[in-house]
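Read the single chain below, which is given as structure tokens and is the form predicted alone.
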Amino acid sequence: MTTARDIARAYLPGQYHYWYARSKLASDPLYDGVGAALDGCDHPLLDVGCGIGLLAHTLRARGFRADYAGVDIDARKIEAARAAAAKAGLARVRFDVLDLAADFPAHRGTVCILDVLQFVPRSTQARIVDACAACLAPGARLVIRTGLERDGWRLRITRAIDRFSERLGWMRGDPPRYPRREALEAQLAQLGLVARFEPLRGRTPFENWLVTAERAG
């Protein structure tokens, strides 16, 4: 069985990414949630805003064997993702630097976009969701993790952490703007997708939601 420590070791000798991976995998329910959302779906996967590529490792550990492609605007993260994937021996995995404001990759299959939408303007959020939906093959899924614009203390904490991540340089983009559920739900419906919204907080204080969408019928 592959453990969080096993995955994190692929990022050595870099201590920063090693400890980031250890803490992220230990505390964030994201990877189990996305893995469960993709169970039984063997379409090629595009990971939009892949960061250092942790999703590729966790999905391979769950038995996901389809082609995986990750894209991110941050060249340093892509370099770390490539090195870790090579060290771990991940097959049929590739990573590329890409600015979504300028381009969108050609893809046909399933798409994940995790913790990205809140860092782009609302108009760009809608365009990215449109582009992701256009990539879906029959039977494939669109999986989104994002905060949602809702009243309450969870969003205040989420916004504070996202702003801190941006100031540290870990995330690149505008100050966080969280999608509104009703707008995102309506957009997905207009694209012919049926969406399921589920809280994905685990033991964290954050206003995080997992959205899984598929073609109607």
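Sequential numbering from 1, following the sequence displayed. As the structure is a computational prediction, the values presented were derived from the model and not from experiment.
There is also a form predicted in complex with a small molecule; it is not shown, and the following applies to it.
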Quiz item: Out of the stretches listed (187-195, 48-56, 35-43, 146-154), which one is close to the small molecule in the model of the complex, meaning heavy atoms within 4.5 Å?
Solution: 48-56
Quiz item: Just one of Ala88, Val120, Ala140, Ala133 has a heavy atom within 4.5 Å of the small molecule in the model of the complex. Which one?
Solution: Val120
Quiz item: Quick one: does Leu98 come within 4.5 Å of the small molecule in the model of the complex, counting heavy atoms only?
Solution: yes
Exercise. Indicate whether Tyr178 is a 4.5 Å heavy atom neighbour of the small molecule in the model of the complex.
Key: no
Quiz item: Counting only non-hydrogen atoms and a 4.5 angstroms cut-off, does Val129 reach the small molecule in the model of the complex?
Solution: no
Self-check item: 4.5 Å heavy atom contact, Leu30 to the small molecule in the model of the complex
Solution: yes
Quiz prompt | Full three-residue contact with the small molecule in the model of the complex, heavy atom 4.5 Å, for Asp72, Lys77 and Val116 | solution = yes
